[in-house]
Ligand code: G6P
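As a starting point, one isolated chain is supplied in structure tokens, in the form predicted alone.
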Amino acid sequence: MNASELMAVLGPRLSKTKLIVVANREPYIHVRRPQAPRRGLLSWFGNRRKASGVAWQRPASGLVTALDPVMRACGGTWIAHGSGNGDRDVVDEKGRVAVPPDKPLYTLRRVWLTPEEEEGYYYGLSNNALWPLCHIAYARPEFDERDWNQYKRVNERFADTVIDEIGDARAIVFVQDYHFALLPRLVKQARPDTIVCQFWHIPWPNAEAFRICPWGEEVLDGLLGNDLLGFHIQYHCNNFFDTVDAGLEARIDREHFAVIRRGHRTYVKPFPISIDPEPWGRLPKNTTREADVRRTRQRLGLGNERLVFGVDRLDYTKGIPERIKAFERMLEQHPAWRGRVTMLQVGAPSREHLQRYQSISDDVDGAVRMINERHGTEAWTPVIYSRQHHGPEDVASLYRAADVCVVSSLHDGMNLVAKEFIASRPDLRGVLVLSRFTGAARDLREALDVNPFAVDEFACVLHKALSMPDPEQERRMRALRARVEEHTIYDWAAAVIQAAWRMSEAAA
């Protein structure tokens, strides 16, 4: 499904119903006095334009990558935290601004948070407690009553903004992720006529793991304010059912995939998210794929070396140190690759305010320095590391130049990097190495499966990927591309929104 087909499916409904998306991350950030972009392929040249002394940029966010095309197609309002230092300069008295800035198609409404609210709600409860609680990456969650109080306060503020935005209209509210577990119940209590659905973009833990959350009952009760709650895969849905069964007075209707609490029915279903593949397969103007790859490799300073590529946020769940360690082990086990293969790792800084994110950044720096000192020569650098955000056009060029793309998450809800790489390779070349602990691995079965915790196995898989004959690459990539093209972000949005409508009407 493409954008036009999505509108054909949802258009009749949305002509009479307001679509409101709620997410912590805004799709466009406005900043004052931007620095001129540095030159070169490994500089950041993401979307940015100047207007009245203010520039705009798109943040490094899988959620934004996924949802912005849907909002462009459907219109409506995206409610988010206004985090840019120029955000207030471009909005009206209600915090609204039309986006995308260069071609407005929908409305962004910003909510302003104090430093104390952001510290407690975002860095504290959301990312120091819920994020590690839901990811099996062996990082201990940190629970603080002050963070919980700020989380509640911010959820209430966003709920008030949603209710104000609905006004007297009929609306469907589409809540995103773990930052707003309490918001659905608040909105539904104020506006029972509103359809409320939520997509939880990260894994859901098993019931035993969730038990340690001091406010688990309140989190579950908030989520059960939804008419529909979506996860990436059925396994996470099953974990949620088990968690509710163990922690709340509620009835589980497993036959119809629903939870009934206080007379309200919440359907819980899997909706594997995807991407819009079309932009990733698009070449820069006035160039060919061969010319783009040649230019990219020249800018990287590569000769005839093979290229292993990884691009991630600097997050401890992404398995970047494990990836570098496996690459070094491969060089040790298969010394013929020395001088013949280079790894490029792009790491976008993330949540640097938190100690554990500072630690992962230091770990990656150290791992890169160590492998290059041990194995590098005057003519060859084993690992090139770029610690900055890169725009989509930059990343697409790197995907096209890569012989192998590695996604080695220790635990991930889906992971859209895997799908972006596939969409960027209409030449049917390149090998995807994919962690079995990602949601994407459930569907992308022609990728080379890997356990990122098992360094020797990981090294063997990298060797296999680099050694794969062209006919096998083509067979695997053809099947992978068929899956990505058959199920796009527009199919995902249509499935979620149509299901929410049907289920809400059935329960009425």
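None of these values were measured; they are calculated from a predicted model. When you see a residue number, it is the position in the sequence shown, counting from 1.
This next part talks about the form predicted in complex with 6-O-phosphono-alpha-D-glucopyranose, which is not shown.
Is His201 close enough to touch 6-O-phosphono-alpha-D-glucopyranose in the predicted complex, meaning at least one heavy atom pair within 4.5 Å?
Yes.
Contact with 6-O-phosphono-alpha-D-glucopyranose in the predicted complex for Gln473, defined as at least one heavy atom pair within 4.5 Å: yes or no?
Residue-level check for Gln473: no, no contact with 6-O-phosphono-alpha-D-glucopyranose.
Within a 4.5 Å heavy atom cut-off, is Asp89 in contact with 6-O-phosphono-alpha-D-glucopyranose in the predicted complex?
Looking in the predicted complex, residue contacts with 6-O-phosphono-alpha-D-glucopyranose do not include Asp89, since no heavy atom lies within 4.5 Å.
According to a 4.5 angstroms non-hydrogen atom cut-off, is His179 in contact with 6-O-phosphono-alpha-D-glucopyranose in the predicted complex?
Yes - in the predicted complex, heavy atoms of His179 and 6-O-phosphono-alpha-D-glucopyranose come within 4.5 Å of each other.
Of Phe210, Phe309, Trp131, Phe158, which residue is found within 4.5 angstroms of 6-O-phosphono-alpha-D-glucopyranose in the predicted complex when only non-hydrogen atoms are counted?
That would be Trp131.
Considering Leu63, Ala55, Leu466, Leu448, which brings a non-hydrogen atom within 4.5 Å of 6-O-phosphono-alpha-D-glucopyranose in the predicted complex?
Of the candidates Leu63, Ala55, Leu466, Leu448, Leu63 is the one lying within 4.5 Å of 6-O-phosphono-alpha-D-glucopyranose in the predicted complex.
Partner absent here, but in the predicted complex, which of 333-341, 120-128, 382-390, 417-425 has residues with a heavy atom within 4.5 Å of 6-O-phosphono-alpha-D-glucopyranose?
Answer to the contact question: 120-128.
Looking at 6-O-phosphono-alpha-D-glucopyranose in the predicted complex, do all three of Arg13, Arg170 and Arg502 come within 4.5 Å of it through at least one heavy atom?
Answer is no for this spot.
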